[in-house]
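First comes one chain, alone, set out as structure tokens in the form predicted on its own.
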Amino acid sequence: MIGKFYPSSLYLFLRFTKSNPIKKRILDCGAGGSDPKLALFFENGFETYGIDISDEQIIDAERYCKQHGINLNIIKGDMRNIPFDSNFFGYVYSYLSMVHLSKDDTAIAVNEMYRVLMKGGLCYLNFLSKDDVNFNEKEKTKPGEIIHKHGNEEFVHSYYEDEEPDEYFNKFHIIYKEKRRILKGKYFTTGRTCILDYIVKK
């Protein structure tokens, strides 16, 4: 037992998985970093896999795994072209990683997640709301897309109206949707204050 706390929305997704009779094989898209959320599912008996586009984030996750004596199977990969066979996973999720994609690329990523999910599988995704404290309408380049600069690099962040992400899930059945507005503090140390959560079924 690792003995740590995870974001509350992941516990909610875990609860949905427990009542879903599909193979406990799960993929985290954006799984790297020094605090891999995939460990929650490892602790609960899942066969875990993760992808991340950043070598540095993967190294951090590997260091975490070595420290705790676990193997989360995190490899380099892009959620817009997931390196796994179709219908391979019972569950797929991405915790605040797709916020770094343009809206067009987000549509591609969601279609890839649909492809690798088994029939009846569940997917948990979240999006930045335009009510988030960091959304500045004056800085947008396209509707809801803002370029943030970190040093010499530029990163896109996509923000959404309340119903806007629904269009990504035409192939799915939306079984849970919530707008999480943080009135004090931040969304699990992410700096975010307003999130749109979805759990969908293939």
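Each residue number is its position in the shown sequence, starting from 1. These figures come from a predicted structure and were not determined experimentally.
Although not depicted, the form predicted in complex with a small molecule is the subject of the following passage.
*Asks:* Tell me which of 71-79, 114-122, 127-135, 84-92 has residues with heavy atoms within 4.5 angstroms of the small molecule in the model of the complex?
*Replies:* Result of the contact check: 71-79.
*Asks:* Each of Lys103, Ile108 and Pro165 near the small molecule in the model of the complex, meaning some heavy atom within 4.5 Å?
*Replies:* Contact check failed for every one of Lys103, Ile108 and Pro165.
*Asks:* Sort through Ser54, Asn170, Asn44, Gln67 and report the residue having a heavy atom within 4.5 Å of the small molecule in the model of the complex.
*Replies:* Filtering the options by heavy-atom distance leaves Ser54.
*Asks:* Report yes if any heavy atom of Glu161 sits within 4.5 Å of a heavy atom of the small molecule in the model of the complex; otherwise report no.
*Replies:* The answer is no: Glu161 has no heavy atom within 4.5 Å of the small molecule.
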